[in-house]
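Next up is one chain by itself, shown in structure tokens, the form predicted on its own.
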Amino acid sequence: MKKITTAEAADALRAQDNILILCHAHPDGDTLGSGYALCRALLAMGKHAAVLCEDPVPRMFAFLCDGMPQADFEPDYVVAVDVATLKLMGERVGAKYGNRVDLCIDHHFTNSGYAESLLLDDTAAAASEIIYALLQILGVSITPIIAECLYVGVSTDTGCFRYSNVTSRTLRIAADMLDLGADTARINREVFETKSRPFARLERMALNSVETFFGGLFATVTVMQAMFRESGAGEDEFDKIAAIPRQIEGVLVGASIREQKDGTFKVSVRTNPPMNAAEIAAQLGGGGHPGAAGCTLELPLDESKKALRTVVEDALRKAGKL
């Protein structure tokens, strides 16, 4: 793995064609916004490019890929965006392309260095911030739809600019996207404010599962596969559940526990200062950012909860909160 600059990444892309862009499985707004912004820019440069993701694009982000070509060609160059480890690509995509990623563009300090070249900026709130800088060097005209892709990326990875990872650069980029034609009001309404009726039912069930520990410093919410079936909600809507535990007054560590179809449990950890979500998730084989991280537990539910509580209790003690 070789770490490269934004200018070097731009040079590499200029020299290539038949470029495949990989997003991570269970895609969020940043991986999709980054991927489709870059893809649209490459197409504008006259290159053959497409985006590939293991899982379907969530409904709220479907507009990002309107009119985009299918990934039905053999790529000469493979780029991963916002993908910190091979495991995050998903089983099928990882098996096919994991050992041939030429360039990874990422903002996770936990990036495993699996790509031949790595463009990493762990001070960026979202990978879309890096893509914006890259497109400026490439000299691509940022159309309103590219601006919307980038805005989706920076807004979703910052909780609509509410998280501690927001910097003045983040806000300036958001302002630039507004100036360049992004319909930010519509995006904010559809992504952050609109709930489907099935999701409203799922949210009600999830709220009934909330548990608190250690005097209210740690809170969890649990969503089982049966709850998805009963509510009719799609798993792509789960991300809105992940923020619930941390929103409770006094909580320093919040965790959402989602049963996956294979019986394992996906844990999303969200923290308030001074706790570090990435350090907590790392103890359980995961990773992420100081304020938001995740891991997968291959234990029964009760044992998964116990393992999570043990790690969080240790972290709270080390932070002098217990």
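So that there is no doubt, residue numbering starts at 1 and follows the sequence shown. The structure displayed is predicted, hence computed values, not measured ones.
One more form of this protein, predicted together with another copy of the chain, exists but is not displayed; see below.
The partner is absent here; in the model of the complex, the one residue of 92, 229, 172, 100 having a heavy atom within 4.5 Å of another copy of the chain is 172. Contact annotation: of the candidates 136, 225, 85, 167, the single residue with a non-hydrogen atom within 4.5 angstroms of another copy of the chain in the model of the complex is 167. In short, of 292 to 300, 26 to 34, 66 to 74, 272 to 280 it is 272 to 280 that has heavy atoms within 4.5 Å of another copy of the chain in the model of the complex. Remark: residue 96 does not count among the residues lining another copy of the chain in the model of the complex, judged by a heavy atom distance of 4.5 Å or less. Taking non-hydrogen atoms only, residue 144 never approaches another copy of the chain to within 4.5 angstroms in the model of the complex.
Among residues of the shown chain, residue 196 is one whose heavy atoms approach another copy of the chain to within 4.5 Å in the model of the complex. Although the partner is absent here, residue 188 is a contact residue: one of its heavy atoms lies within 4.5 angstroms of another copy of the chain in the model of the complex. Applying a 4.5 Å heavy atom cutoff to another copy of the chain in the model of the complex picks out 246, 247, 248, 249, 272, 273 from 242 to 273, in order along the sequence.
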